[in-house]
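There is one chain below, alone, in structure tokens, taken in the form predicted on its own.
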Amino acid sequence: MADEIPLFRKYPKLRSIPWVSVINSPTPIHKMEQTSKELNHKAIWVKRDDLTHDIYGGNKPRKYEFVFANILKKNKKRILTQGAIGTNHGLATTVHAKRFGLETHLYLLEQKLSQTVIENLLCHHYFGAKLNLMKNKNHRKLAIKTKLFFDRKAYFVTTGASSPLGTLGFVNAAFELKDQIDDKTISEPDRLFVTVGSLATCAGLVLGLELAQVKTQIVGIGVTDPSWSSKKATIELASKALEIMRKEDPSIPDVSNELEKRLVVDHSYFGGQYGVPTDEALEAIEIAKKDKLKLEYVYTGKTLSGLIDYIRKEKISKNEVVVFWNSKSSADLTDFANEVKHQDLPRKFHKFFEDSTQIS
């Protein structure tokens, strides 16, 4: 029931904002025993948002609880969204939209090939996405605008579902963490490390923890170009989400001027190029395996590498309670991908499978 989510319990007037249930919540939070021991740190914890859903979890489904509800309210039938051919966002959208009778159209650009990219591409088809390969960003923009103009049942979802509405999913996640603090599952964290990619995950947590009056400082580890995933852009998105909330409930305090003090955004672990692994990220992935966590090098590996480096360089006291927010789905998609032959995909996509030397 909508009134059971922490955000609506805190602010009942926000129930006027459409919401649908998508995720398994609350997601677990537990100590990373082996990682804490390896780094000689008292308490490193992980918030398991990799487990938000059994088929495809991660951070995206939290945003869909508000975004999909808005799509359904507007009586739209088709989602248009974009990314590269191995887009995690596009796959997550396709998987979850299907449950609500929504069709997903993906407008995709080429990218460096890897086994994960190939697997995601096969899964796009398995879960029913309509695939469109675009020549460049301008070609894609025109194609989406044209489709929206002629198809009145189409709805555009921005990259990563990182709209002000999608951000509310992580305001709610912050109140979920507050519940876990209140029930003494975890002590109030001193720092929380989270990926900054398309912004909404970090923006929602910053806003939510400020409203929940939790002292935790957020360290956002930038994994996309700094001009895109800046602190300024993150705060702006959080402020837009706050505007939505205060429109429904003016009694919610205007904390927009307080958000900047709570947030650090650090691009030191980006590696200069999106989607390319760093040695530090690969090391972090190996360390996390000791706690039975499955990370990857694009988002979560780089984020954990930042946390590890902060501890090693003593930017964090050994007694601080630190949380790593695991935001990438850990579900295994291999069986789904194996159900698809690449010849089943539109012809334009066949070239990605025909030269295995391209795949790293």
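Everything numeric in this text was worked out from a predicted model, so none of it was measured. Start at 1 and count along the sequence shown; that's the residue number.
Same protein, other form: the form predicted in complex with a small molecule, not shown, and the subject of what follows.
Partner-facing stretch of 312 to 320, 330 to 338, 29 to 37, 56 to 64, counted where any non-hydrogen atom is within 4.5 angstroms of the small molecule in the predicted bound form: That would be 56 to 64.
The unique member of T216, N172, T195, T81 whose heavy atoms fall within 4.5 Å of the small molecule in the predicted bound form: Looking at the other structure, the residue within range turns out to be T195.
One residue of S239, T278, N132, N88 in contact with the small molecule, assessed in the predicted bound form (non-hydrogen atom, 4.5 angstroms): Contact with the small molecule in the predicted bound form is made by N88 alone.
F68, heavy atom within 4.5 angstroms of the small molecule in the predicted bound form: It does not: once the small molecule is placed as it appears in the predicted bound form, F68 has no heavy atom within 4.5 Å of it.
T201 within 4.5 Å of the small molecule in the predicted bound form, heavy atoms: Output for T201 is yes: heavy atoms within 4.5 Å of the small molecule.
Exercise: T94 in contact with the small molecule in the predicted bound form, heavy atom 4.5 Å: No, no contact at 4.5 Å.
Exercise: S162 in contact with the small molecule in the predicted bound form, heavy atom 4.5 Å: So S162 counts as contacting the small molecule.
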